[in-house]
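One chain comes next, on its own, written out as structure tokens in the form predicted on its own.
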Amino acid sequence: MHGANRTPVVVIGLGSMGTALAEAFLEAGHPTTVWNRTAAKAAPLVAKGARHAAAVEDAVAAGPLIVTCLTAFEDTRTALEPAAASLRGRALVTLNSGSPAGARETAAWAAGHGARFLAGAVKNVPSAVGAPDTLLYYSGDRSVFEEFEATLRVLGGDTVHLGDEADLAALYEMAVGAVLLPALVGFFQGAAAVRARGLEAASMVRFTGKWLDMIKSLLPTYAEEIDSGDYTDAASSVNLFLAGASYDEELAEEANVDVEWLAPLNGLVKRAAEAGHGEHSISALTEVLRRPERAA
């Protein structure tokens, strides 16, 4: 933001998240240009005051800050390739999924076209975009973050720059995101079990929330154990989890629920016990997950 003027913003990619990003910029008063391969997706945003660019080249040329929200880094590069010559001197911020390697490749691609690059991640659902507690983190060119921080903060009040390495946001996106599917499948398994008893899945929500709060409260302790490498103060040991694995099959039989997804997790716990971590904290599974260093 410069004085009373709002920084013009370009949003490339108008899926549910990209649309939410564009709406947040519009609501904050930023002149917003949008582009999507399927042009019809721009219509609701145009009705709210956005400018629709017919070609991606026109979109990129419309402002100093280009925010992309496509599926992956490769999709971002493919979509922007026709407009690559127009990227010079502009700030490119990617908000997509992908690996750290993809972020590094895209950073090099952007630099090759004279763009300043910032990779980012939105750690919430589209409906939460713009909320004071919504987390977004970025990595890459710090000058881009500092210049456009006020504009980017429109997307979420908890806005963080992780560091100058372009791949840090993707690293944390995958590291933190690894929690999601196991947690959800655990809830879905529980829902299948209670539904088998004629109960509603909704009856689990309050109790599951409390359980997740408890897990959250343990994370600082587990992180400290992992960082120190000291797993000896075990409130919940590997052996305790190993003993509980047999109950999964009992539940499967009684509720006619498929618990096969737990087999690799229980196998990981067994490997940790066999590696001498039986009486150690369950956080010692980190040591089993870490592969030996590759030979140079």
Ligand SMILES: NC(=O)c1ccc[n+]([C@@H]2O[C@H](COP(=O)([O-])OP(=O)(O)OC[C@H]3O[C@@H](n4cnc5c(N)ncnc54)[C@H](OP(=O)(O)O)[C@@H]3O)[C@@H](O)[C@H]2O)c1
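All residue numbers are counted from 1 along the displayed sequence. From a predicted model like this one, the values you see are computed outputs, not experimental measurements.
Below, we turn to the form predicted together with the ligand, even though it does not appear here.
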Q) Tell me which of 108-116, 208-216, 153-161, 95-103 has residues with heavy atoms within 4.5 angstroms of the ligand in the predicted complex? A) 95-103
Q) Out of 126, 177, 186, 82, which one falls within 4.5 Å of the ligand in the predicted complex, going by heavy atoms? A) 126
Q.
Under a 4.5 angstroms heavy atom criterion, identify the one residue in 24, 273, 282, 17 near the ligand in the predicted complex.
A. 17
**Q.** residue 52, heavy atom within 4.5 angstroms of the ligand in the predicted complex
**A.** no
Q. Would residue 71 count as touching the ligand in the predicted complex under a 4.5 Å heavy atom rule?
A. yes
Q: Answer yes if any heavy atom of residue 149 is within 4.5 Å of a heavy atom of the ligand in the predicted complex; otherwise answer no.
A: no
Q) Would residue 122 count as touching the ligand in the predicted complex under a 4.5 Å heavy atom rule? A) yes
Q: Could you run down 35-57 and flag each residue that has a heavy atom within 4.5 Å of the ligand in the predicted complex?
A: 36, 37, 38, 41
